[in-house]
Each structure stands twice: as structure tokens, then as C-alpha cells.
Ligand code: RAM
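Presented below, as C-alpha cells, is a lone chain in the form predicted on its own.
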């Protein structure tokens, strides 16, 4: 016969389990990992992610390094493996570096999707792709050529030299550059995804290259950073600024004529689509070979291979930038 204390212990465990279930312990848990959680781009992604998580009734853990740090991303993935999340969505800072941790997560039964910047294909099931690297690279290069009448020197400020998505964009920028033989790429400099460092790099680029006509920033903090450098140097209109950035962070510079155009996609939609895809994968609604994904209020998206395509890049300029609040 069991003692009264044993029976009370069993009863307590049963009550705890019941309460846990009532509080939603069985909710799908999504770990969403940005490159850096303080970056305005990923803050905007989180707005869409939160919306999708609420609609789907899942728990969203949003965490990342305070700045671009591949080792910290790995550490967070390891923590989520221990916690036992159901699915991880990651914007990879280092494509190869993160993949080892993601493969470990897969072996533990955790589903993996990537967004914004991909990991190695065997380390995830699907990549939520904001636009094709070719489309992004070509649009950036064509916009630069339009502004310079296809002639002159330009430089690029990137986040880091190891960021997989930006290396892909660079490849297609350089490929497209062949169409413009009178244009010359004189330098590529990293900003570590920091506005202040981008400003310093832009200042140094203008000093080292007196014939520089345009700075192309291909990470969001670098666009306002480069614009501030051009403004302080008194070179507004003489050195043009374009790049991939948020309308909210560049609106002032666009209206002042420092930045000519900002190219991006709707980042809130990227976050929303990523969580929709992650949850569909856990629920078995998204499987290898799928050709489309129904993503809540955003509608249906095409899947090309294992890439879920958000859409084509959009050019924000003085004529339309006030229409957007992200």
C-alpha cells in the first residue's frame, strides 16, 4: 500500500501537468533568430512575426546578438536545443558556421527554416527568401547606373565580409557591372552592421577616392550612416547614396536630397511569412516538394525548389517614401 505522502506527491504532479496544459504548455514554440536584435530591419521583421504568432496561437521566442556575432548565434541555437523548441527560424550571419548547430537541432527533431540570409541547404528545410539574390544585385546595380548615367567610380559598404546573403548580392552586383564598362567599383568595406562604423567607412572612402560618385550600402544601418557622412562632408548631390534600408531610417536623408533611393522589401511581411512557414512545417502542412504556401492574411506564395519567395525588391524615393511606416 502506498503511503499518504506518496499519493499526495502523485496528485501534485498530476495537478501540475493539468495546469501546465491549461496554460498552453503544448503550444508550438518558435525560436526566431535575427542577425542582430537591435537592428531596425529585424525589429520591423519582429512586428510581422508577432502578428503571425498571435494569429496562429503559438509562442514566439525572439532573441539574437546585440550586434552581428556568428558565435553568439550558435550559442542561442544551442540554448534553444536544450529548451526543446519545435522550430527555429534563423537569419544566418555566417552560412557555414551556423549550419553545424542547425544540423544538431535537426537531429533532435527540431524543424529549421531560414529567412533573410540562408544557411547550408542540408541544415534547414526551407529558406524564406525576401527576393532572389540576382534580383537584388541587379536592381542595386541598375539604380546606381541610372543615377550616374552609367559612368563613374562607386564603392560598397556591406555588413560583414562573411555574411552569406551579402556575398551573394555582391556576386550579382559585380556580374551586372559588366554591362556598364565606364563604371568602376573602387572598394568594398564592412560596417559590422553599425551605423556609426558605416559613417566612418564612408568618410574614409571619400577621402581615399576623390573621384567617388556614389556609395552603395547593402545593409540597412549603413545607408543612413553613409548619408550622414556625405552630409557632413558637404558633398550632398556630389556623392550619391543608395542602398538596402528601411524607409523610416532614411526618410529624412531622402527628403534632404542626400540619399537618392532606398531599395528593400516589406520587412514586416518577411517576418510574418517566416513564422507562417515555420509553423506550417511543424504541423506537417508544408512538406518538401510543395509549390506554394498559404500564409494567413498575406495570401499564397510561390515556392521555387526549397525557397519560399516573398517578392521583388521595391524602390523607395522622394515621391513615395512617406507612404510607408516601417
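Computed from a prediction, not measured in an experiment: that's the story for all the values here. Residue numbers count along the first chain shown, from 1.
Here the subject shifts to the form predicted in complex with this ligand, a form of this protein not shown in this document.
Item checked: 4.5 angstroms heavy atom contact with this ligand in the predicted bound form for residue 89 -> Residue 89 lies outside the contact set for this ligand.
Notebook entry, point to check: Does this ligand get within 4.5 angstroms of any non-hydrogen atom of residue 193 in the predicted bound form?
Noted result: Result yes; residue 193 sits at the interface with this ligand in the predicted bound form.
Note to self: Just checking whether residue 265 would be counted as a contact of this ligand in the predicted bound form - the rule being heavy atoms within 4.5 angstroms.
What the structure shows: Residue-level check for residue 265: yes, a contact with this ligand.
Checklist line | Distance check, residue 261 to this ligand in the predicted bound form, heavy atom within 4.5 Å | finding: No.
Notebook entry, point to check: Ok, 169, 253, 80, 127: which has a heavy atom sitting within 4.5 Å of this ligand in the predicted bound form?
Noted result: Partner contact (heavy atom, 4.5 Å) among the options: 169.
Notebook entry, point to check: Pick from 201, 116, 228, 143: which has a non-hydrogen atom within 4.5 Å of this ligand in the predicted bound form?
Noted result: Partner contact (heavy atom, 4.5 Å) among the options: 116.
Margin query: For the interface check, one of 217 to 225, 81 to 89, 100 to 108, 176 to 184 should have non-hydrogen atoms within 4.5 Å of this ligand in the predicted bound form; which one?
Written below: Among the listed stretches, the partner-contacting one is 217 to 225.
Item checked: Residues in 30 to 47 with any heavy atom within 4.5 Å of this ligand in the predicted bound form -> Counting only heavy atoms within 4.5 Å of this ligand in the predicted bound form, the contacting residues of 30 to 47 are 35, 39, 41, 42.
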